[in-house]
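The chain below stands alone and is given as structure tokens, in the form predicted alone.
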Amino acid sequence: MGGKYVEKSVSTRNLSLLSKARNHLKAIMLGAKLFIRPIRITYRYPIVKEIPQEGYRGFIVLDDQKCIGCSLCARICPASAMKMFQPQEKKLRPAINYERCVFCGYCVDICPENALKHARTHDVVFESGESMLYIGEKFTVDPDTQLLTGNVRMYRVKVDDKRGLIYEPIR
């Protein structure tokens, strides 16, 4: 084994008293600037809610009037999250298990009648695995109508070249 061990050390900073005072003054000014006008890169969830852009793949909602029960959505689902069931005296209807869903959107894309669509909501809390199964009426409720209401400040995220993510208030 060749090689030579070289000890590296941080060079000592021989700063003059004036340079040290200037650096301290810069640090104090930066602290004061951020204290007066903070650059916030996060938001106070759930008091403040981010509204995703159009085309966002949130929860999947079924329009029961449009569904013809063709089962294409269940066949194409790569995670086997979409299954067909038959309510009493009705045609086959899809149901989704969000415990398995990967939000790929294949089911929405393949639906010949546009009976499935993505909502813009994705942040729902479940208390049990059984509550993640959306079947029947539960699958037809658009979560956007329930969650985008109330006293929540809503923001849309934009990308700024200088500051990064900017949260633009909507209401």
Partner chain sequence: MLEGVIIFLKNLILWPPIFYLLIAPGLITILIALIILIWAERKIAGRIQMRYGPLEISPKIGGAIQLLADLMRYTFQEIIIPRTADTLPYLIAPIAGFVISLLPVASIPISPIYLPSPMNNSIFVALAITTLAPIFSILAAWASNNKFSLIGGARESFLIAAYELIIILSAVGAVIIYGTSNFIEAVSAQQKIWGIIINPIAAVAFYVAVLMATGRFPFDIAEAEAEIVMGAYTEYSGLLYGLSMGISYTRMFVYNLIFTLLFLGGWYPLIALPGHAFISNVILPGTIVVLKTIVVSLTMVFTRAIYGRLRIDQALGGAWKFWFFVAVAGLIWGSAFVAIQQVI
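Take the two forms, superpose them, and find the largest set of C-alpha atoms that agree within 1.5 Å; that set is the rigid core. Numbering follows the first chain given and starts at 1. All of these numbers come straight from a predicted model, not from anything done at the bench.
One more form of this protein exists, namely the form predicted in complex with the partner chain; it is left out here, but the text below deals with it.
- Taking non-hydrogen atoms only, Arg44 approaches the partner chain to within 4.5 angstroms in the predicted complex.
- A residue is said to contact a partner when one of its heavy atoms sits within 4.5 Å of a partner heavy atom; Phe126 fails this definition for the partner chain in the predicted complex, lying far away.
- In the predicted complex, the partner chain lies within 4.5 angstroms of at least one heavy atom of each of the following residues of 16 to 30: Leu17, His24, Ala27, Ile28, in sequence order.
- Once you line up the core between this form and the one not shown, the Cα of Gly129 stays within less than 2 Å of where it was.
- When the rigid core is held fixed, the Cα atom of Gly31 travels 2 angstroms or more between this form and the one not shown.
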